[in-house]
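The chain below stands alone and is given as structure tokens, in the form predicted on its own.
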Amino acid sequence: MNTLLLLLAGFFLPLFPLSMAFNWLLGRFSHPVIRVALILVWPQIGVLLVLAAGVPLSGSVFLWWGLITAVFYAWRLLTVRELGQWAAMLATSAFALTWVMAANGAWVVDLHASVIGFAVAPALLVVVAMLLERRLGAAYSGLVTGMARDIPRLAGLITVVLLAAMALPISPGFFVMLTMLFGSDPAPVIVALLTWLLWSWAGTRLLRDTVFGPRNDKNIADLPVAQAWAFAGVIVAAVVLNLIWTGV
């Protein structure tokens, strides 16, 4: 019964190839609100199933299945250019790492909070992709470069979101990674660090192909000031909540 519950959880804390269900659903819906809701709610169902099966999962095949899935999707990020797909791959890779915390016997609150922390960057990326699609008709990296000089507010939002996607300080993903790494055995830590490195590599490539580079002649509307402040408020709130959770 426990194994059946864990296999079912593999659809929600995506384990390859069960992860294809999550990615198919994200690709099926184009409305950003539905996509963000899916990113926020889907992994929470997986956490409930894992808890019902019982933790910790030390020595379980699900621990290494999750780690291999996380590395696989982190590697795929290097080849994806469409921001919506990029957000889906990042979410899949990050949520798969939740199995490491489950193997460590993390507390219920920590498991739920960790998937929320991992979900913040992919959810914001979905919004960024929507903003680019409305202005350019598509959200591919390299479609428009030099945003930092032509549309500084939107470029700033993209930069902050991609830094969060790389789980750099003081983003929510950063604190989740630290909590997981300090509570894990050395072998899983090495694989998790490789996943983190691949996120940073892929995020840097995406930054280079969007924010930096030569200016374009396209006339693109920048993010309105009110929207820029609203996004800044959301990002600050996410950081403050994570600081409270971690007790920093």
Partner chain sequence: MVKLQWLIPLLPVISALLVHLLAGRIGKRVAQLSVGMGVVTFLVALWQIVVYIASDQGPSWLGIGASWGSVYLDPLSAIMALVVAGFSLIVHIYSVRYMAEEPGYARFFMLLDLMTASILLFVTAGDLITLLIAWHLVSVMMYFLLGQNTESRPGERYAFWTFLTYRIGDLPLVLAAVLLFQAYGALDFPTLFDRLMADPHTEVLGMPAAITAAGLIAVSAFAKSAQFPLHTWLPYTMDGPTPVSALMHAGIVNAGGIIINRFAPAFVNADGVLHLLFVVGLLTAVIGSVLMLTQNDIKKSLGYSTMGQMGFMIMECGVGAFSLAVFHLIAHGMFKATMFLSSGDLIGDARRHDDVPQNPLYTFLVDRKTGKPTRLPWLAIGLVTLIVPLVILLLAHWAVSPDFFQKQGAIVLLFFGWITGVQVLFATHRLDATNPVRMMLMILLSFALIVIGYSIIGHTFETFLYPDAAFREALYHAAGLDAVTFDGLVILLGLIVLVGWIGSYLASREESLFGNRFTELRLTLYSLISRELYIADLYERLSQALLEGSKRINVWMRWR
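Treat the numbers as computed from the prediction; the structure is a model and nothing was measured. Positions refer to the first chain, counted from 1.
Here the subject shifts to the form predicted in complex with the partner chain, a form of this protein not shown in this document.
Contact with the partner chain in the predicted bound form, defined as a heavy atom within 4.5 Å, is made by all three of S184, W196 and G213. Stretch-level contact check against the partner chain in the predicted bound form with heavy atoms at 4.5 Å: of 166 to 174, 108 to 116, 94 to 102, 125 to 133, the positive one is 166 to 174. Residue in contact with the partner chain in the predicted bound form (any heavy atom within 4.5 Å), chosen from L207, V36, L223, V55: L207. A heavy atom within 4.5 Å of the partner chain in the predicted bound form is found for exactly one of I190, V41, L51, I68: I190.
For M20, a non-hydrogen atom is located within 4.5 Å of the partner chain in the predicted bound form, even though that partner is not displayed. Within 4.5 Å of some heavy atom of the partner chain in the predicted bound form lies at least one heavy atom of W201. Remark: L243 counts among the residues lining the partner chain in the predicted bound form, judged by a heavy atom distance of 4.5 Å or less. At a distance threshold of 4.5 angstroms between non-hydrogen atoms, S141 is out of contact with the partner chain in the predicted bound form. Of the residues in 139 to 166, those that come within 4.5 Å of the partner chain in the predicted bound form through at least one heavy atom are, in sequence order, T145, A148, R149, T159, L163, M166.
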